[in-house]
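Each of the two blocks below gives one form of the same protein chain as structure tokens; they are labelled structure 1 and structure 2.
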Structure 1
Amino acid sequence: MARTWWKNPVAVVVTALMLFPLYWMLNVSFTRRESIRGGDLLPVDFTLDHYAVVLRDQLPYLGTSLVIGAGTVVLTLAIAAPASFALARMAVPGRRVLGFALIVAQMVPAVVMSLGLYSIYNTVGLLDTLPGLILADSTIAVPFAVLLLTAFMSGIPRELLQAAQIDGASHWRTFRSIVLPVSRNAIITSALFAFLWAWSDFIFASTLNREGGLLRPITMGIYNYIGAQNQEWGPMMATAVVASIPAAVLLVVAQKYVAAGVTAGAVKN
């Protein structure tokens, strides 16, 4: 114990340094505009005016982000869950090649994908639309979800699936009635990551939905406070705080499912 006493203080200091930007965001959001440049560590000139501005101006953008996040989750799971079951439990030709392709797909920078998607969307008329953003965000979430769900579904006891087939269940019935309920933790984890990617996306939003008006997500709505000659730091930070609340709530609620889901398939009996 004498040799490890220093670890807790170091951990506290490192954690404090990592959380300081979040604290500063809160601090600025509660400080009057004329006092922000003073750089006080505490909001000595306290105000809620910035949050009143956010609630007046940013609610449409928050609603848009919620719609995009929910749509991304639905589309991601609708594609990834059946695909994962097929890769894990069915004789799909080229499964290893597909798995490698999914890993490579996650290495492609979003900015490169956004340029290609812009050209396609401009042709098919999906620029500045919510379906276009949902589809774009799903291209990031689907490969991760397929890899995670495939790893979990590969660990489901084969006897459980064989028993269902003996009872006359089709592949679809087995997938729907057995595999999906058993894979709950991995599905919730995949859904959470898909939502967070869509919620925090800026590259696709700024490229594919720049002229979307009130149908832009919150990551673009915050840009209303950034000008060439002036930045509204108070409303900007207040918007960031409000935008962080849904993600924080989801992480707290789904914490135990995520802890189980991210380790799914890591160890087999």
Structure 2
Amino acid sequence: MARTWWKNPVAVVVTALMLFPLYWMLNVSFTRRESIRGGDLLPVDFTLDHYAVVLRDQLPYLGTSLVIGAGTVVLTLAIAAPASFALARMAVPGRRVLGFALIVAQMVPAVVMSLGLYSIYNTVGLLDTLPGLILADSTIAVPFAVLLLTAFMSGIPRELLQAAQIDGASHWRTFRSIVLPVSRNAIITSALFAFLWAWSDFIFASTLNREGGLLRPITMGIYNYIGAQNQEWGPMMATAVVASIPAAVLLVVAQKYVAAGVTAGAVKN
């Protein structure tokens, strides 16, 4: 198709409009408190003070979020990967029911989950704990991961698995030394989304971990600012910028996995 001169500038303007809120967040985070309300288009009255506040106040929340994200990834994969192998390559009794349950699970509103989990956690003592939040956050990722991994593992060449079985490898060994390495890409995609969702979670953190103190994730660090009497926009936007770093890093480092994950959930499985 012929290159059209006007398309590049139009595309740049449209993208800039779309990303303007993010620029605005950065702009405010670098502007001195007194000048934020002035609304300059550039951080003319430049400062790093807000980031100093983030370093002082938000580090524990950021650490907690990392632990929760990592825990959610490990738990999600530990449950999803073996099950996906079985669903893709073995005769699992009741597989259709299970597949249906996984799709339906993704449609359950988070409010309903958080209410049910709150009442359960209240009796078993998991409220305001990290394991409790990791378990809750994994519910967002497990159905997605199983569907994605099953779809991928169904595509592994038959010969590869048969060869292992002839050599006398057990199912577990076949899974560990052949299926897992071959499914690397799909595993990375699932892990990436499990981490992002756990990192971004607001509803579970604000209900199941309300009184968790410093053992609360960074989303609650930002939420603290919203409740405050005099909303401090500078530190709040600086925290928001820091909380966006994982998403930005993943987009740069793992862009193809991100795009694969978005479509996998909807069209291909």
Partner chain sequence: MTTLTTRTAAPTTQERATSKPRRHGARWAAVAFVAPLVIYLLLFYAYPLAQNLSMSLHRFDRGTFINGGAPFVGTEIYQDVVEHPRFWTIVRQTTVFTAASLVFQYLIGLALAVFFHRGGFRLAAPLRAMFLVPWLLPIIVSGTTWQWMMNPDDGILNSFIGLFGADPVWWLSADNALMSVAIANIWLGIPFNLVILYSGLQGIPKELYEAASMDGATPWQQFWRITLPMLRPVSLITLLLGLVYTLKVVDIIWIMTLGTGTSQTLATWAYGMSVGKGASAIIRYSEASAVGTILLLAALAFGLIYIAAQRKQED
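Basically, rigid core = biggest C-alpha set you can superpose within 1.5 Å across the two forms. Just so you know, these numbers come straight off a predicted model, no measurement behind them. Residue indices: 1-based, along structure 1.
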item: Which of the two shown structures is the form predicted in complex with the partner chain; value: 2
item: Core-superposed comparison between structures 1 and 2, L19 Cα displacement 2 Å or beyond; value: no
item: Per-residue Cα shift, P9, between structures 1 and 2 [Å; core superposed]; value: 3.7
